[in-house]
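As C-alpha cells, one chain now follows by itself in the form predicted alone.
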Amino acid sequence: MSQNLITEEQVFEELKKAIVETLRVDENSITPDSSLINDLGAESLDFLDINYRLEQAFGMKMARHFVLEHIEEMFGEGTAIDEDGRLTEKAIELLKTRFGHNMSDLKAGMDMDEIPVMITVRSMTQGVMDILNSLPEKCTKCGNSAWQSDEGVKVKCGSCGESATYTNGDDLIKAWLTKVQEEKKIF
C-alpha cells in the first residue's frame, strides 16, 4: 500500500537530522544529491548510526544488507560479484533497475567497493519511503483502516492506538528481487 501520511519531504528532513547528529556537518551542506561518503564524510559505522536514528524516528527496520548481498544469497555466489570483487553485468542490470538515475555511473567490472560512495541522501530517502509504503491496509491488531500520523513521522492506528508495522528493508529487497527475476528472468 502506498501510504500518504508521511511525505518524502518529511523523510528528507528526518534524514538530515540523523546525518547532522551522526556526522556533525552543517545542515545547509546536505542536499538530496549529496554522497554520504564523498560529500558528507560518512564512514561505514556512520551508516549504522544513521539507520538506527531513522528506525527510531519512524518505527521501522532498515535493510541490514545491500542489494548485492541479497543477489548473492538468493541466486548464488558469483552472480553479482565475481571472484575479483568486481560487479557482473547482471548486477549492473539489477542495480540500474532498482536505482535508475541515481547510479548512472555503474558499469560491469567496477570494484564493488565503489558502490557505497554512490549512496546519496536521495537514495536513502527513497529506501525509507519504500519501507513506509509497505504499511498494511489494515491494522494487524484490530483490523481497522484508521492509520494516522503521530508527531508527523510515526504512524499508529486511530482505532486501537497500535503502532504501524512495516515490512523490513531486507524483506522488501528480497521481494523486489523475486519479482524482477520472475518478470525479467535475469538469473
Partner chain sequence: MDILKDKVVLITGSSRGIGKAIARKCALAGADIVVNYRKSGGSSQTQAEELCKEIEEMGCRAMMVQADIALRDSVKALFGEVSEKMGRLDYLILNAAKAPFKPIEKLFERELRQLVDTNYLGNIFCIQSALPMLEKTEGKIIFISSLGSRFYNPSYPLGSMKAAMESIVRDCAESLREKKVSVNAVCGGIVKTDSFKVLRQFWDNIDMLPDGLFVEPEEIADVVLFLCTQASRGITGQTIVVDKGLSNAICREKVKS
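What you see is a predicted model; the values in this text were computed from it and never measured. Positions refer to the first chain, counted from 1.
Although it is not shown, the form predicted together with its partner chain is what the next lines describe.
The candidate stretches are 138-146, 60-68, 152-160, 122-130, and the one lying within 4.5 Å of its partner chain in the predicted bound form by heavy atoms is 60-68. Scanning 114, 77, 89, 105 against its partner chain in the predicted bound form with a 4.5 Å heavy atom cut-off leaves one residue, 77. Residue 24 belongs to the set of residues with a heavy atom inside 4.5 Å of its partner chain in the predicted bound form. The shortest heavy atom separation between residue 43 and its partner chain in the predicted bound form is within 4.5 Å. In the predicted bound form, none of the heavy atoms of residue 134 sits within 4.5 Å of a heavy atom of its partner chain.
When its partner chain is considered in the predicted bound form, residue 72 lines it closely, a heavy atom lying within 4.5 Å.
Although its partner chain is not shown here, in the predicted bound form the stretch 44-62 places heavy atoms of 45, 46, 48, 49, 51, 52, 55, 61 within 4.5 Å of it, in sequence order.
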